[in-house]
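As a starting point, one isolated chain is supplied in C-alpha cells, in the form predicted on its own.
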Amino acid sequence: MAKIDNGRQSSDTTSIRTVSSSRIDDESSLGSDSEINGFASDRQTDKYGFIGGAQQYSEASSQDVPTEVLRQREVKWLDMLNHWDKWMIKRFDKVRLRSQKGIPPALRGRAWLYLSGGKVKREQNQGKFQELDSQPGEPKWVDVIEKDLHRQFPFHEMFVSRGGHGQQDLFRVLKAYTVYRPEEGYCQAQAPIAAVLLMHMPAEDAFWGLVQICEKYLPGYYSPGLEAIQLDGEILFALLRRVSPLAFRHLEKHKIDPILYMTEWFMCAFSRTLPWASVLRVWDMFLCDGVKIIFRVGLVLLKCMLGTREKLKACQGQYETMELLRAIEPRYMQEGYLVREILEVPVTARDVEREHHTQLKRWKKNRGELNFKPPPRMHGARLIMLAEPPRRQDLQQNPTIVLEVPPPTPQLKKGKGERKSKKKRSMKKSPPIVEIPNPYPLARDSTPPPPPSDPPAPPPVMDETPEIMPQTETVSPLQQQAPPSDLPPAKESPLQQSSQSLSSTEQDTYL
C-alpha cells in the first residue's frame, strides 16, 4: 500500500533494490548510496541532501540568506561559542535572538550541541559512548531498531543505502541509548530525532544530543505507556482555547482527541511534517527555548487549518478534519511565514508549566498516578546550563582539524645560536686573500691592473728558457676571448686575480 513519507510518495520500502558491493566503483558516498538503491538516473539532491527534492523542499519554502550576512552571523556565533558561559548567563536574550534568526549551517551542529548541553554531557562522560557502543544490547531492542533503520529519511543521501554509514551510525546511537536507559528501551519516534542529529554531527555527539532531548526537553515522551505525550496533548488542547477558540470548539464538537493528530508532531519535533528549511529553523529555536516552541508550532498549524469558518466548511466531520490536518497547506509551512507566526503566539514557558500542573491534577483525579514519573522538564538551554553548571574545560572547543606542529625547544634555539656564533668565529678567523702575481702573463695582460704595494720582480727565467714559449701559445683560446684592443680592459677583482694566478701556478707545477 502506497504511503507518503517525507514528502515523497513511495511504495513499500522492501521494493528498494540492492546490489552487491562488488559492483560499486570507488565513488563519492552519494554516488554509491544512490546507485545501490536505484537512484542512478536521478542523483540530484537539494542543498540539504535530499534526493530528488524530497521533504517538500522548494525554493519558495526556504529563505536564502545573503553570503555577506551569513559570514557576519558565523563570526558572531563563533564568538559566542568561544565564550559560551558568559553569553548564556549575561546575554541570553541575544543568544535567543540569533537562534530565532537562524543558526548558520556551517555551525549548526556545534551550536545545537552547546545549546542542548550535549557538549558538557560528553565532556563529563569521556569514553562512556564507546563503552555503550561496545556492548551487544538487548536482543529485542536490537531487532526492532534494525527493522526501523531504512524507514528514517530514506530519500536522504546519508540514509539511502541499506547498511551504509548513515544507517550504521543510526543503529549505534539508538542501541547505545537502550543500554544507557534500559528502563526506557527504544521508541520508534527516537529514530528520526537521532537521524536529524546525525545529519549535523558525529555519532558520539548525536548520542549525547539525543540523551539531552529525551531527558531535558521531552522527558517521558519515549517511555512505555506514552503518558507524557498524552499529557502534553491535553496541554496543547487547553492552550488552543486561548489562541484559536474557533478551532478549539470544532475539535471539541467532533470529539477529536489531541493524541490523534499531535503525536507525530511532538514526538518527532516536526521533523517528519515540515519542509526541511522550516524543520531546521524550528529546531534552532526549540533547542534554545525549549518545548514551548513545539507547542507554538502546533498551535500555529491548528489555527491556520481550522481557525476560519471558510476552512471549517470543508470539514464537517471527524474524518474530514483528520484528513485536513494530515495534509497541511504548504504556504502555512513556509520558513518565513511559519517563523513569524511562531514568534507571535502568546505562549510562554510559564503558561506551559501552569497548564501542566492543571492537567496533571486532572489526570491523577481521573486515571490515578503516572506509571512512569519522568524527570522535570527544562525549558531551554539557559535553565539546562544553570541546573548543571559546567566546568570551564567542558566548554572548550575541540578543533576540527589538528595540525601537529612540534613546539620549538630551547635546545634547538641554543644550537642555532651556537651555529651562528661558530659561523661568526669562522668568518673572523678566515685568512685574508693573498694575491699571487702571475709569473707568466698572458697577452691580454699587457696593461696589467695596478700592482700591489711591493710587486715582486719578474723572474729572469722568461728570457732564458725559450721552450716555455709554446706554453703561452697553448692558452690561445683565452686570447680569442679577450675584448677588442680599442676597448678598455675590464677591471678584475682581487679574487678573480687570485684564482687566475692559482691556475697559472698549477700549470707551472705540472710543467
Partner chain sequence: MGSDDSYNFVFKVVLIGESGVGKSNLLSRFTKNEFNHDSRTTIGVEFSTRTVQLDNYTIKAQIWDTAGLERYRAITSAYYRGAVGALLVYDISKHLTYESAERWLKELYDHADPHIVVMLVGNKRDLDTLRTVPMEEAKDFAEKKGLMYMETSALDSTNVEAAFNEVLTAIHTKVASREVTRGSISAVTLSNPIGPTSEAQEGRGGCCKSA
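Positions refer to the first chain, counted from 1. Remember, it's a predicted structure, so these values are computed and weren't measured experimentally.
Beyond the structure shown, there is the form predicted in complex with the partner chain, which is absent from this document and is the topic of what follows.
Comment: 323-331 is the region of 111-119, 211-219, 323-331, 344-352 lying near the partner chain in the predicted bound form, near meaning a non-hydrogen atom within 4.5 Å. Checked against the partner chain in the predicted bound form, the residues 235, 95, 201, 187 give one hit for a heavy atom within 4.5 Å, which is 187. Exactly one listed residue, out of 366, 130, 316, 393, brings a non-hydrogen atom to within 4.5 Å of the partner chain in the predicted bound form: 316. Heavy atoms of every residue among 141, 150 and 255 are located within 4.5 Å of the partner chain in the predicted bound form. Contact annotation for residue 123: none of its heavy atoms lies within 4.5 Å of the partner chain in the predicted bound form.
Proximity of residue 359 to the partner chain in the predicted bound form: non-hydrogen atoms within 4.5 Å are absent; the residue sits far from the partner. The partner chain in the predicted bound form comes within 4.5 Å of no heavy atom belonging to residue 306. Contact annotation for residue 162: at least one heavy atom lies within 4.5 Å of the partner chain in the predicted bound form. Contacts with the partner chain in the predicted bound form, taken as any heavy atom within 4.5 Å, map within 258-281 to 259, 260, 263, 264, 267, 268, 272.
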